[in-house]
Structures are given as C-alpha cells and as structure tokens.
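Form predicted on its own, single chain, as structure tokens, below.
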Amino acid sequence: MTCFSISTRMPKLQQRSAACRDFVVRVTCGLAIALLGQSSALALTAEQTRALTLGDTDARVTALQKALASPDAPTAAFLQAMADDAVKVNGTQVLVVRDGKATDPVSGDATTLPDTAEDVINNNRMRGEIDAALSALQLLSPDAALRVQAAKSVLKEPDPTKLAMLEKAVASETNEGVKKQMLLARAAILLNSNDADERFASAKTLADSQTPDTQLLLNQRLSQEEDKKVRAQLQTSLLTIQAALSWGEKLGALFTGISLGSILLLVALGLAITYGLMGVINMAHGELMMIGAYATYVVQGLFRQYLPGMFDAYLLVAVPASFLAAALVGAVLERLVLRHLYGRPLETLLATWGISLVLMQGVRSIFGAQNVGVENPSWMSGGVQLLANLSLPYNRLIIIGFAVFVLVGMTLLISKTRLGLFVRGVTQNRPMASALGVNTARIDTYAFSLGCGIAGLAGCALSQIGNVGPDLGQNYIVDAFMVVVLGGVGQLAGTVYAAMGLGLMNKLLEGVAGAVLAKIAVLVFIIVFIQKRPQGIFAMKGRSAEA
C-alpha cells in the first residue's frame, strides 16, 4: 500500500509556504512596530547597530539576544531590514538602504549613501537567529492569532533569550486564552532553570499542554533531572499527557484505516464490474487508473496555461475527463481484443497483461519515465485540527466523500437504470438476454467501459495524494484483486466490506507490528479466509459463476 508516498509537488508548496511566512513576518513586524511605537521611546543606539552588523557571528548573535531583552520599534525595523538584506556599512556607519535611498536606523532620518558602502552579509546561522527574533516579536502583535502562534513556537523550541520578551508579553496580555498559551511557553523555558522549585512548577504547568512537543520536552528533562520531587512531577505530567494523546492516536489510526479503505474501494469498484460481473481478468486495470491520473495532469496543465485565474476549479473538469479518457480506452480494448476472449479467463489475463505493458510504454513515450506533478487545488490543502496530535487532511476527507459518491452512483446505475438491468441480465444469463432481443455485444462494451471509467476516477483521486507516473497502476493492481476476491466476485456490498476491512486491519496492525509485518499478516488472513470460504464474504454470481 504505497498510496502515502511523497508527492513531487512538495517543492512548490514549500515555496508558497515560505512566501506566506515572509509575508506574515513583514505584517507582524509592522504591527509590532506600530504597537511598540506607542509605548516605547527610541532605544536603539548606534553602538547596537554596529554590534549587530560588524564583527564575528558569535558577537553579533550575542548583541541580537541583548537587543531582544528590551525590544522597541527601531530595533524591530532594523531586524526586518537585516532580514531583507537592506543594510549596508561604510566604515563604522550603519545604513538602511531601500529603493536606493539611505536612512539612519537610529533616528530614521534620510542620509547620503556613500559609494564605498558595503552590504552586510548574514550567514545561515545569523539569518536563522534574525528569523527567530522576528518570530518572537509576534508575541507583541495586536493580532491574537499571531501571538498564540508565536507562543506555540516558543513552547516548541524554548529559548532562554526570549524569556524577557515573553515576560513583557505576559504582563501586557489581556486575552486569557492567549495568556495561558504564553504561560505554557514560559514554563517550557523555565523547565531547564537552575532553581528546582521553578522546574517543579513548570513541570506541573506543562501537564495542561497535552501535545507531542510538550511530551518530548518533559522526556528530555526527565533524562537529566536529579531532584526526586521534580522527577516525580515530571513523571506525573507525562502520564497525564500520554493519557490524553492516546485518544488522538486511536482516532488517527481509525481515520487512516478508513482513508485507506476508501482508496481501496475506489480502486476495486471498476474491477468489480470487469472481473466480478464480466469474468475478465483485467491485468490492465491499474494502467487504466494511470490513464485517469494522467488525464488529470493534462487538465491541470491546460488550466495553468490558459485559465490561471480558475486553477482551483481544474479538478471539477478533471473528474469527467479522467472517466471519459479511461472509458474510451476501455471501449477500444473491448472492441478490438476482449470480445474475442469471453469465456476464456486465462487468455484474458495474458492479453490484458500485454496491453498493460503497451499502455505503460505509451505513457513513457508521451510524458517521459519520470513522475509528473499534480497539485492540489487550494481548497484541498490544509486540514481540520481535532486534537493536539490528530489532524484530518482535507484531501483525504474529500477522497472519502468522493468514494462514497462513486459507490452510490454506481449502485444506482446498476440497480435502477435500464443499462444496469441489461448489464445484470447479460452477465447472469447471456443466451436468455440475447433471446429477448438485448444487444449483448453492445452491453459488453458499455459494461467494460463503465468499469474502466471508474478506474479512471480512481486514478484522478490518487493523483491528489501521491505520485503520478507510468508505474502507478502496478502499486494497486494486487490490492484491487484482493478486495474483489475477498468480498465475493460480483458483489458490490462485499467489495465495500472487504475494502474497509482490509484498510482498517492494515492500519491497526501497523501500529502494533509495523508496516511489513502488518502486510504479511493481512495476506495470511486472506489466504486462510479464502481457504475456508472460497466464494468470499458473499457468494459468487454472474458469468464467472456460470463458468
């Protein structure tokens, strides 16, 4: 089950995330400057600007930490200028240069830019310290959400140099929720205090922060703690946090199991028709999914090229496009090859296996052998944070809903429509259906195209959570056959039970025995189950049963 592989679109998402982070930092700095400007006098000195820009990195970092102990508006503005590489030096004179105009960082007055002025170079360490300082300034932002975000950042990486700024933020904070988060961040810093009483109080306070980050902090402190009283409190707080996190882990395993089950269901639904009802051992089923995924990629490219303003809507077009592309290929295959092989399942296996190789090579020739990137629309990015250690991604929630939608649509099509009636009639008793005037050859084409089209929909869904490449189908074909055989060939209800059962079993066992042993255990279970009940969960019906 490789449906959770890393996507090639991650670099683009990271670039967007970095751009958003820079924007937030700039806005926050501006707000912090405005806030500080109302309450603080100008405290940045020329000596401080020289200490921040000249000398070795250790000295500059020390100066930065001293500046954060009493932050003011000019200091925040100067740090932002350093982050923007907008600071120059001319001997011992420090200047901020933006749009070719120089200003004095202490007074803010315009000044002359000497030709001999040189850029201030910030190495990676210095740049990281500046970014951390700017993030800490969010503690004084007028926006409560940014203050909470800054406090959480300090809680995750407690830095004693930020204690003074945190104390100042706590003293001025009026929002109780934000203040509680700041006090937790303060406790995280004091957890490594030299005073045992402060460590004890911090360990007690951190029991209220039931997150994996806090658990890690307490575990690290426990390994170093020598005071018995503090050790006892650390262990008590850890037990409290572990009890709270265990619910998140259980619900997380349940969600991932349902998510995997919905993907298996999407993959197996098309095969339930082509193999379950028609008796065609379609080894090219995975490649039809691949065609659906590449159709999604093509639609995405067209929207990006010609309708960039409507990019978020590309998936609405990609869904029918992927269905039609796979269904069209399926119709051609059925007309040219498979209709000559009905009743000979082993020959359909060999023929479709050869077709799958042709399709893979065709895709390699057109799109190349490397994976291609399919990007989520913005409304599928992010997730719902239910608990501290439980987040439900939007893309997986949407895929679960999409699987239900496809299942309901397919059920209604098979059970309530004239086409479904003909498909059931032909697959259950072909001579009788033919005697009643049903064009069985045309129904075969429709039924096979329907199964292939649903495989294309599965490929469209898979493109939103994993890599899209020529080998995409190979990763799912075995799972698809396992689901169909376990559920009972030709039974939609059995396919649903088998997909959800295998998904949940796989994820629950992974939490106990690991991914490899879980996969082996599931395979052993299926083998034993099929030995005891060869017809699967439900009895076999359709053309295979007749054979």
Partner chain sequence: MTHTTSTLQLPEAPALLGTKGWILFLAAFITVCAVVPVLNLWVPADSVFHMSDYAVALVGKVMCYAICALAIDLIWGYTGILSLGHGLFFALGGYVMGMYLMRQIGTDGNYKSNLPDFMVFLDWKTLPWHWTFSDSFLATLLMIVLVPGVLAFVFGYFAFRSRIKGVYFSIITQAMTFAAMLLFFRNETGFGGNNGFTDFKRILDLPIATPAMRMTLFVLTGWALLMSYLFARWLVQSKFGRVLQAIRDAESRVMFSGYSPLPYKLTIWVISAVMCGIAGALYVPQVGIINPSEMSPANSIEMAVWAAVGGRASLIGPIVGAFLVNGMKSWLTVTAPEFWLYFLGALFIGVTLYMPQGVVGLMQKLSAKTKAEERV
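On a predicted model such as this, the values are computed, not experimentally measured, just so you know. Residue numbers count along the first chain shown, from 1.
One more form of this protein should be noted, the form predicted together with its partner chain, which is absent from this view; the next part is about it.
- In the predicted bound form, at least one heavy atom of Trp353 sits within 4.5 Å of its partner chain.
- Although the partner is absent here, Leu341 lies within 4.5 Å of its partner chain in the predicted bound form, judged by heavy atoms.
- Residue contact check for Phe481: one or more of its heavy atoms lie within 4.5 Å of its partner chain in the predicted bound form.
- Within this chain, Thr240 is remote from the site of its partner chain in the predicted bound form, having no heavy atom within 4.5 Å.
- Think of it this way: in the predicted bound form, its partner chain has a heavy atom of just one of Leu54, Ala46, Leu517, Leu508 within 4.5 Å, and the residue is Leu517.
- Contact with its partner chain in the predicted bound form, defined as a heavy atom within 4.5 Å, holds for exactly one of Ala171, Ala145, Leu346, Ala435, namely Leu346.
- Against its partner chain in the predicted bound form, the set Leu357, Gly362 and Ser365 is in full contact: each member has a heavy atom within 4.5 Å.
- Heavy atoms within 4.5 Å of its partner chain in the predicted bound form are found in exactly one of 245-253, 280-288, 367-375, 415-423, that being 280-288.
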